[in-house]
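As a starting point, one isolated chain is supplied in structure tokens, in the form predicted alone.
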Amino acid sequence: MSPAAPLHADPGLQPERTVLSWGRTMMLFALVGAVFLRWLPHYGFWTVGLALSCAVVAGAIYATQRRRYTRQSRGIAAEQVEADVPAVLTTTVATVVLGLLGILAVLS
């Protein structure tokens, strides 16, 4: 059985760097969720909701990694790569909302 042929001719191009970046973002959401769980004794049970929200965002990033990589690799091969604007906007909104809720938890 031969290894699968790469989707583009140059390993190390943008799709690989993008997947690594999204992987770091996923890890950071998981880390922030763990921090929210550490707040549980001080700020109450609603921090569990914040931690679960972080887990949902991290899970969504994980679930879309292969699709994102494949689309970008094929885009490079066809010389038509488009940015994943909805994913970036969704992640930005999730970051801002979770940050604001975290601030609200500390101030209340």
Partner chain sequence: MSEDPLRADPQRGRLSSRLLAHGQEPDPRFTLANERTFLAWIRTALAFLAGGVAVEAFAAEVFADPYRTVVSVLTISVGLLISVGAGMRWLNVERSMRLGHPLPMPLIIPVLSFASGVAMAVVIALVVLD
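Note that the coordinates shown come from a computational prediction; the quantities given were computed from them, not determined experimentally. Positions refer to the first chain, counted from 1.
Just so it is clear, the following notes concern the form predicted together with its partner chain, a form of the same protein that is not shown.
- Among residues of the shown chain, Y62 is not one whose heavy atoms approach its partner chain to within 4.5 Å in the predicted bound form.
- Taking non-hydrogen atoms only, A51 never approaches its partner chain to within 4.5 angstroms in the predicted bound form.
- Among residues of the shown chain, W46 is not one whose heavy atoms approach its partner chain to within 4.5 Å in the predicted bound form.
- In the predicted bound form, no heavy atom of V56 sits within 4.5 Å of its partner chain.
- Residues from 82-96 that approach its partner chain in the predicted bound form with a non-hydrogen atom closer than or equal to 4.5 Å are E82, A83, D84, V85, P86, V88, L89, T91, T92, T95, V96, in the order they occur in the chain.
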